[in-house]
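This document opens with one chain alone, in structure tokens, the form predicted on its own.
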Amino acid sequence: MVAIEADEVSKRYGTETALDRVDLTVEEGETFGFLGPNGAGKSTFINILLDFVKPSEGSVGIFGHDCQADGTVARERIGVLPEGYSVFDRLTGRQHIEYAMRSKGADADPSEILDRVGILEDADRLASDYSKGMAQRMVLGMALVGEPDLLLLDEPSTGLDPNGAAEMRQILREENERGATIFFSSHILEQVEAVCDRVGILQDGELVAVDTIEGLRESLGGGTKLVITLDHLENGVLDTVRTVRGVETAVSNEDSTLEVTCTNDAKMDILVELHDAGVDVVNFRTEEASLEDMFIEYTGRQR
């Protein structure tokens, strides 16, 4: 069954286009990462799913229910972690979870949920006294109430330290194993790469790519990353590398190291070109291109 289906969705604010004819299908049981630079339209798309915003054209459905025409039914199966959630100043963490339980008509143990998201010891403190990371954990707990079929998470790791982010990823894996569909936006690409079955890349309101991470690599000619350490970095070296056929991106670090994404066939050509230019190569190695490399390539290509 299809969990999310968007058909030619556009959203305009006056003369500004936030979303431009977005077509997207997310299957039930998937973990789907929604990527894009700030201002790309990710939050606008999520707000349309929640019927906080009406599309200018097109339609979006959740489990077969139109999000605008039948939004109440569509939202019954959703757990939401919105970006920038404002806590209730006079409620404790425990009371926030209890509020979510009443709202969803769910029977759950608040302490169990608070323990799962790592704030049980602070359950009876006012949420207004929480750090940003603690508040984010609490709102994730609210989203988990009632074992929703779909989790919509907008930048779920905001405010979390590395341990907190790792714990969040583990919770998402557990929820997916339970059968929940996970849809989350993020600008922290390592987290997306760690848990997602597929990703979509949004750029200036357009969905420029949807695929598995391996599929994205293949679409970029195999996605090889060549890391080259030079004796020293001379002016013009980057331009020399970028002229080689099959090179997609080339950047330099302060320690005279080049990082080049390219097709597999281009690796030797790059080294030969450097040699012919009189550049001494101290060392080189190849790696698979990361999601970050591919993200830069796709968004840069669109610009």
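For every residue, the number given is its place in the sequence shown, counted from 1. Being a predicted model, the structure only gives us computed values, none of them experimental.
Form predicted in complex with adenosine-5'-diphosphate (ADP): not shown, discussed below.
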query: Residue (of 37, 236, 64, 29) lying close to adenosine-5'-diphosphate (ADP) in the model of the complex, criterion heavy atoms within 4.5 Å; finding: 37
query: Heavy atom within 4.5 Å of adenosine-5'-diphosphate (ADP) in the model of the complex - residue from 252, 240, 263, 44; finding: 44
query: Any non-hydrogen atom of residue 18 within 4.5 angstroms of adenosine-5'-diphosphate (ADP) in the model of the complex; finding: yes
